[in-house]
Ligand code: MLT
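The chain below stands alone, shown as structure tokens; this is the form predicted on its own.
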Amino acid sequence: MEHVFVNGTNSEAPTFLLLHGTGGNEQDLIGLGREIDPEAALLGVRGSEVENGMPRFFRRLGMGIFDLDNLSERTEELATFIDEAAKQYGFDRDNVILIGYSNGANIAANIFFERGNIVKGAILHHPMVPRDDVEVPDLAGLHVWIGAGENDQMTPPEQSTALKYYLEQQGASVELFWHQHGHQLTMEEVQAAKAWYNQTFK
């Protein structure tokens, strides 16, 4: 997968796997990751699908309708990539946190739905429930933060609530943060994610 890796300045800090939204690229969330933890290593990844010239992590059949076979294929690809990147760059595979926005947050959520607790935690900005046709595995010990907008036209509020429920039902610890804006990523949301991260992992 096309990607960029930035070494951290503290070997005990995690590696952030950064997953952009539709139309983004591997550089998009570097600044966000640096804001959350200036000492963390950053691994920005570009989605392998292209929709109308815009990179995505998996195909969709329509707005909010995911190609589930392709979603499974790309989720497996991403999970394998994490393992390979840990070997290539020498970071601690057991100290990885996913940070995703929109489409990137959706494939991050699907890692938990299909592969289980294979990372330390996740910060998901405006995610949806990726699928409801699988039995979600045990997620005990997983820490997840979800950022959601009360006026989000792309990700209806009930999707954020439902995702929290799915994850908690399998033992994950989930914090859901609401703001009054839409699908955009606000500084208020970023600061709330940072505060949760500092409280949970530091």
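Numbering starts at 1 and runs along the sequence shown. On a predicted model such as this, the values are computed, not experimentally measured, just so you know.
Form predicted in complex with D-malate (MLT): not shown, discussed below.
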{"property": "Per-stretch contact check against D-malate (MLT) in the model of the complex, the hit in 161-169, 64-72, 24-32, 143-151 (non-hydrogen atom, 4.5 angstroms)", "result": "64-72"}
{"property": "In the model of the complex, Asn103 touching D-malate (MLT) (heavy atom, 4.5 Å)", "result": "yes"}
{"property": "Exercise: Arg46 in contact with D-malate (MLT) in the model of the complex, heavy atom 4.5 Å", "result": "no"}
{"property": "In the model of the complex, Met128 touching D-malate (MLT) (heavy atom, 4.5 Å)", "result": "yes"}
{"property": "Residues in 55-78 with any heavy atom within 4.5 Å of D-malate (MLT) in the model of the complex", "result": "Arg56, Phe58, Arg60, Gly64, Phe66"}
